[in-house]
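In the block that follows, a single chain appears as structure tokens, in the form predicted on its own.
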């Protein structure tokens, strides 16, 4: 029997009543429905100081990077702040690099109190591509989260299904064959400096 695809979801929200966390948990349910296993990295419970390249193993960074590296696929979830993704998720991604993301399947999820949080996902897509991750074309946005969820549950069935499908798609493509290295990827040393 083949190993079940392992999906790790990273929650870029620190709020206790985070709608991003609710959505990521539903995406992990979708991953389980598709035959995968999942775990949530709740950044509220990790000590991740602002990234300093002179101390890349500060706080709980080794635990974070190990858990991301051990996953077959990752779902990044973020609230939208000022048209982009959260600073806590940026810090977590700064601790990660090619060892954690190169040729790894990544699904994107963004939640907003307002309209569609597309730019947050666009920014995450750019970061993931710079790390040579394989970013799913399918993504899930939860606009106007206050209407889509109540008391930690989805109230919008269509959005809930879209988020669950993100989890299923992440499992479906978790072990996709790696692409050959490109000229650009060989030139992108990024965090290796």
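Numbering follows the first chain given and starts at 1. Note that the structure is a prediction, hence the values are computed from the model and not measured.
The same protein also exists as the form predicted in complex with a small molecule; that form is not shown, yet it is the one meant from here on.
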So in the predicted bound form, are 7, 66 and 97 all sitting within 4.5 Å of the small molecule, heavy atoms only? no
Taking the small molecule as it sits in the predicted bound form, is residue 89 near enough to touch it, meaning that at least one heavy atom pair lies within 4.5 angstroms? no
Could you confirm whether residue 145 comes within 4.5 Å of the small molecule in the predicted bound form, counting heavy atoms only? yes
Just checking whether residue 18 would be counted as a contact of the small molecule in the predicted bound form - the rule being heavy atoms within 4.5 angstroms. yes
Are any of the heavy atoms in residue 169 no more than 4.5 Å from a heavy atom of the small molecule in the predicted bound form? no
